[in-house]
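Single chain ahead, by itself, as structure tokens, in the form predicted alone.
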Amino acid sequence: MKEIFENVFGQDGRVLTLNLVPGSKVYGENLLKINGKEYRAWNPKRSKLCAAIKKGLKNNPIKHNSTILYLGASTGTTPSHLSDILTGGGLYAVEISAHSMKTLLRLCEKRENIIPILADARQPQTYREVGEVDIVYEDVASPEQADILLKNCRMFLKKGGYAMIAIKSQSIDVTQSPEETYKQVKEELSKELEIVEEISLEPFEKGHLFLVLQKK
């Protein structure tokens, strides 16, 4: 087993995180005992970040002590693995769906380093108490993806901090090619953020491009 990034491990082609809550699964993932410790298999078909790692992501700014603002937390699949990683940090999980929030709240009862926020990521002023963060991560299905990320980065991201986004081309414009959509989104984001790395999430996620960016 090798450590790919801080608290992210690889073994036999699988991506793993050390389970913060031993014996507990979040989304039906496999649990593996290795050298007396329990790890969770991270499914790249259920997580854009894991898909990016599987595709060879080189720049992952997430450290064990990072503070992350996560936009579009849904029921908590990816946030749960980030919770494993953030042994000395924390995650603010913003989700607009009250239905998804019910599941997310149950997850947060077991994982105290995730703070759930029922809110619309298009209106960051409604959760301004979050304060400054190291990373803004966005996985939101909206035509306004780029604008949502920039609004939140302006309000919360520290200077030199990082943003991560999974661009969903079909959620932005179904009438044009994914490549054209990616180009437009990158141009908009580049006005305020520097693109550090971009990586296609095919075949795990069709029509998705993952970007790592840094605040200028």
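The numbering used is simple: start at 1 and walk along the sequence shown. These numbers were taken from a predicted model, which means no experiment stands behind them.
There is another form of this protein, the form predicted together with a small molecule, and it is not shown here; the text below is about that form.
- Site residues Y70, A73 and I96 are all in contact with the small molecule in the model of the complex, judged by any heavy atom within 4.5 Å.
- When contacts are judged by a 4.5 Å heavy atom cut-off, V140 counts as touching the small molecule in the model of the complex.
- Under a 4.5 angstroms non-hydrogen atom cutoff, the small molecule in the model of the complex lacks I114 among its neighbouring residues.
- Using a 4.5 angstroms threshold between heavy atoms, A146 stays clear of the small molecule in the model of the complex.
- By the criterion of a heavy atom within 4.5 Å, A121 is counted among the residues contacting the small molecule in the model of the complex.
- R46 is the sole member of K37, H64, K186, R46 with a non-hydrogen atom within 4.5 Å of the small molecule in the model of the complex.
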